[in-house]
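The form predicted on its own is given below as one chain in structure tokens.
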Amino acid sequence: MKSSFPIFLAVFVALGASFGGFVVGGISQLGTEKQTTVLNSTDTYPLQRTGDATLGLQVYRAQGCAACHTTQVRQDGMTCDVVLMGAGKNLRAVQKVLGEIAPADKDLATNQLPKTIFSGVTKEVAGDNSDKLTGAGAKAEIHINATGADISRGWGIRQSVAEDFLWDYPVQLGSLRAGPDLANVGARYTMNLQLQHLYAPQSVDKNSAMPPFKYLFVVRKKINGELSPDALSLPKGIVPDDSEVIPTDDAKNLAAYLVSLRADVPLYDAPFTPTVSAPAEKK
């Protein structure tokens, strides 16, 4: 009897510590999380979801989507690019520096700018070479790229952080990837594609293992041979030519929630440099 109490106490302490670390600790961290600002911007992130997307989170939960999908992009590290934006007033001085640090670009002309001089280097290498270029009077930028298997798959462009889940209740990170991660699926699929994928997954991705959720839709005959305003725009062959597919409210709310999953802005704890398209030439 004397030896049983220490064992009981040790088990109690171990279970209590586990509960505190995994449950209480997680709740306290997310419970105190607040909206933040986008890196190098005054925009607030994340914005509150629309009403239909908020309802769609509960449909996502009810359909058990988290059993096959995760919503957490993992990141292994980061690399940097050094982009020469302008040569300044002394092109010869800049070309001299380029001859030392990037011989292949030593004869660079101003009409070739902006140009990436170094790609996929460490922060230290990028900073050192950027300083040499700016010291010669050039304008150089360091662009940050997140790296990792999930990012290479196109599932996201940065790691998932606590702020991404601020408006999720409950948070459904998932643990099995029978299907792709959905943390940034709203940037990949439009509303109509989300609905089409729910109704006929293989029509969007022929290798998809996802079962169709046809019970979230109503199939009916077309009225006067025309599609109704709410009908899905589907490729031929999915339904008979005289029929149309109407999404129910649950289907539309679920699709709205999926479209809202867009972790595509840089944050202080998850930085990257967004790709900016060049302005279109005026005709």
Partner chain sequence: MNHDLSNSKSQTSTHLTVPIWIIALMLTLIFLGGVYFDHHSGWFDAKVYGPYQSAGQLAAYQPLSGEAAIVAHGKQVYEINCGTCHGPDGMGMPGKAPPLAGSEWVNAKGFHRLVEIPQLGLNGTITVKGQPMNFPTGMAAVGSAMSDADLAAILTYIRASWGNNADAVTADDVKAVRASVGGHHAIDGDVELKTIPE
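Nothing here was measured: the structure is a model prediction, and the numbers come from that model. Numbering follows the first chain given and starts at 1.
Form predicted together with its partner chain: not shown, discussed below.
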Contact residue in the predicted bound form, from M78, L193, A187, L113 (heavy atom within 4.5 Å of its partner chain): M78
Any non-hydrogen atom of S233 within 4.5 angstroms of its partner chain in the predicted bound form: no
4.5 Å heavy atom contact, T248 and its partner chain in the predicted bound form: no
Proximity of D131 to its partner chain in the predicted bound form, heavy atoms at 4.5 Å: yes
Contact label in the predicted bound form: D52 to its partner chain, heavy atom within 4.5 Å: no
Proximity to its partner chain in the predicted bound form (heavy atom, within 4.5 Å), stretch among 223-231, 253-261, 38-46, 237-245: 38-46
